[in-house]
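As structure tokens, one chain now follows by itself in the form predicted on its own.
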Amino acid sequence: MFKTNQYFDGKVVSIALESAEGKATVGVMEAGEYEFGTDTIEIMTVISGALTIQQPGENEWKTYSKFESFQVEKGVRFKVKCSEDTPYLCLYK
């Protein structure tokens, strides 16, 4: 059975699943700015659109576009901006 998660008053919605690569979520972020915390290593892949990320401890932002991935370490907080509704895949390690 899938589990649906909603964050930021429904502006970020994801569906949790077990994939061949382990635990994962597929979701959509509404255009906006968000800050997330991690319990595990997360590998996020942009499905369409773009996500602009500020990794913990860094001042610069980096943009990831369609089919590009980035990794966020366990036990940190990171910031995300998107200018349009953006779907993503997140794998948990």
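All values derive from a computational prediction rather than experimental measurement. The first residue of the shown sequence is 1; numbering continues from there.
What comes next is about the form predicted in complex with another copy of the chain, which does not appear here.
Visitor: So, in the predicted bound form, is Lys79 in contact with another copy of the chain at a 4.5 angstroms heavy atom limit?
Guide: Flag for Lys79 set to no.
Visitor: Is the gap between Glu73 and another copy of the chain in the predicted bound form 4.5 Å or less for some heavy atom pair?
Guide: Glu73: no contact with another copy of the chain in the predicted bound form.
Visitor: Indicate whether another copy of the chain has at least one heavy atom within 4.5 Å of a heavy atom of Ile41 in the predicted bound form.
Guide: Ile41 lies outside the contact set for another copy of the chain.
Visitor: Taking any heavy atom pair closer than or equal to 4.5 Å as contact, tell me whether Lys66 reaches another copy of the chain in the predicted bound form.
Guide: Within the cut-off, so yes.
Visitor: Using the arrangement in the predicted bound form, list in sequence order the residues of 79 to 93 with any heavy atom within 4.5 angstroms of another copy of the chain.
Guide: Sequence-ordered list: Glu84, Asp85, Pro87, Leu89.
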